[in-house]
Structures are given as structure tokens and as C-alpha cells.
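First, one chain by itself: the form predicted alone, in C-alpha cells.
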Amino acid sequence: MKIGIPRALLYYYYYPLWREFFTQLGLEVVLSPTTNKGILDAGIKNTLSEVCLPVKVFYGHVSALADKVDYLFVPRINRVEPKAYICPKFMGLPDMLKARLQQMPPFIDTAVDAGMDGNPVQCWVDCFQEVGSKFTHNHQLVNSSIAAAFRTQQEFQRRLTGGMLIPDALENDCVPEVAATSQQNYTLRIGLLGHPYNLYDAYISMNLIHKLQSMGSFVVTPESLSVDEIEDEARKLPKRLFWTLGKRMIGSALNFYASKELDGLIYLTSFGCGPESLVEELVARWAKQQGNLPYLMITIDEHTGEAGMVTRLEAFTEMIKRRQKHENHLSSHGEPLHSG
């Protein structure tokens, strides 16, 4: 049996977990190709215009797998932690796909729901046990596959908190010491906020990370932070944010502001994202109130041009370098840094 996994959305969070479970179960995992123009065009064709860019990309990846697999793994992910929800569009993906796409293989759309007071691990255990029962009656095999999947996911998370970027951490044969980027060759440290399905999809982000690195910037992403680090900062909000992914952006942004180790902060967001419209506004207000960390927000959709992005990145990084040069000049002459 071949199980298709779209290379989009929560693939960037959970692919090692999913891949290892199905592989240990004896199934062949088929991953859709990296995003390209054909995939994006297919997604745009099969969705409504109001849908955000990442969901359009997901549709394209599902279409690319349609005639290559026996099943498509599109779990109905509602909650992966207590008292917080995933984006509503993610919850409804199985229904949306079935309504818009024709002649598709069967969907594995088992629900993932941690409940109001549930365990983030147990919700995936319940999902995999239900999925495993569709393919085998060997409960021992299912349980051992689940255990192997969680070990693989833990190694993936260890690589991320060790400083690796997601594309490197997803490689089975990578060596952490080699894959982690050296900071010695860079003149700037830029914090890069954004959901992994935007940041690490080289096509829709127009290879943003590589562009920053080529401009002399060492990139720091939310994936380098632990869950506890993000939660500790997110608790500073007067009211708990009930979107899991949005809370992750808020906690990461506050952590970046508190660290005092960055030269600038860039927020990459996609047009038409409802929860993100609130989160990005909060981050922008904090940037203005703090006033000590240059901030740039970039909004992308299917019409975004690469030339405009490059111009903005060049201007942003050059502004930071000139600001640093000015501050160093004032400091060397014994003048207060706020003068001028």
C-alpha cells in the first residue's frame, strides 16, 4: 500500500512522526514533490479565491499525489494541546478537499483532538491506533510503530532546538554538527518569524532564508526555541491566545525581543490568514513600543514578485548595518548613542 503525504502545511511540523509510523507499519510513504508553479496553479484552480496561500498550495500537493497512491493521509487536526485550536481551515481540510477535488483516492482523515484537558502525545496515539487498525489486526505492530514514530519525532525536535533549520533536520542521514549553520561567516543576526509552511517552502517564500544568508545574515527561527521558552513568553499576554500556531508566533516574538541578541526582526505572513491578522498586529505594536529592534513585515500571496522582496530585504539589512556603523562611531567618540 502507498500512503501519500502532501509536502505542505503541518508536514513541516510532523512529517518525521507520520513517515516513521507508516514505514514501521509496512506501508510505503510517497511524498509530493517540492512546490513549483504547476502545483501552485493546480491549487489556485481548485480552491476559492478567499482561501489563504498555504491552503492553496496544499490543494496543489494533494492533486500531485492523486494518481500515485492508494490512500492520502489528511488527518482532521483540531487540537494538539489543551485549550487551544488549530486554524479552522486546517480542521476542515478533508471536507474541503472532498468537495472540490474529483477522482481522488480514499482519505485517511482520522481526527486528532487533545480535548480541553488532554495530553498532546495521547491525541496522536489515539489517531495512530485508529489508523493502524485499518491496515492490520496486529496490535503489537501498531504499538511498536507508534513508539518508533515518537522516538523519530523527538530526534527531529532535538535537531531543531540544536540550531538546525527544518529542511536539514528532515534529512534522515544529516549530521547535526555539519548541518548546523556556522555563525562566524555572518555580520548580522536576523530573527525570522513565520509559520514553517511559509518560511521553508522555497517556492512561495522565494527562498527568503537563502536570500538573507547571501546578504550576510544569520537566520534565527522559532524552531530553535523550546516549547517551554515559547510558553513562558506567551503567558505574559493578559489573556491566553487560543490559536496554537498563533501562540507560537507570539511567544517566539516576545522571546526574540527579550533576548537582545538580534539585529533585526522579519515577519513573513500570508495574505488572507484570519488568526495571523491579529498576531501580526500585536507583534508590530510591540516592535514600535520597544523601538530598539528594526522590524519588517512581508506579506506574500500568489502574486508576490521576487524583485520587490529582494529590494526590501536589501534596504532592511543595509539600514541595520548603517545604524550599527553610526552607533559604533558615536561610541568610539564617547558620545551618547541617542544623539542625532
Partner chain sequence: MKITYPHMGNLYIVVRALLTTLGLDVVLPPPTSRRTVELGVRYSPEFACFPFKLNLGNYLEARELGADTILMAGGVGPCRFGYYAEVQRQILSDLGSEMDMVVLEPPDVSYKELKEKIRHLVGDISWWKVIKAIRLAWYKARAIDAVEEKLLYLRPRVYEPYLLERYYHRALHEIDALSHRRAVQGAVRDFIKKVGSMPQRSGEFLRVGLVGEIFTILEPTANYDLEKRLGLLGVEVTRSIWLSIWINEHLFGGLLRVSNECRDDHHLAPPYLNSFVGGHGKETVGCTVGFAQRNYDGVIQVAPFTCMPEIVAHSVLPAVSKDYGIPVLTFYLDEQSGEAGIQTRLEAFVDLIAAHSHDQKGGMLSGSVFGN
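Numbering follows the first chain given and starts at 1. Every value quoted in this text rests on a predicted model; they were computed, and no experiment measured them.
There is another form of the same protein, the form predicted together with its partner chain; it is not shown, and what comes next is about it.
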Among V30, I44, L282, M309, just one has a heavy atom within 4.5 Å of its partner chain in the model of the complex, namely L282
With the partner omitted here, the residue among R100, R189, R151, K211 that in the model of the complex has a heavy atom within 4.5 Å of its partner chain is R100
Note: its partner chain not shown here; in the model of the complex, the stretch from 311-319, 61-69, 30-38, 269-277 having heavy atoms within 4.5 Å of it is 269-277
(request) Kindly indicate whether G92, R240 and T299 are, all three, within 4.5 angstroms of its partner chain in the model of the complex, using heavy atoms. (result) yes
Review point. How about R76: is it within 4.5 Å of its partner chain in the model of the complex, going by heavy atoms?
Key: yes
- State yes or no: in the model of the complex, is some non-hydrogen atom of V51 no more than 4.5 angstroms from a non-hydrogen atom of its partner chain? yes
request  = Answer for M96 alone: is it within 4.5 Å of its partner chain in the model of the complex, judged on heavy atom distances?
outcome  = yes
- Message: Under a 4.5 Å heavy atom criterion, is C87 part of the interface with its partner chain in the model of the complex?
- Response: yes
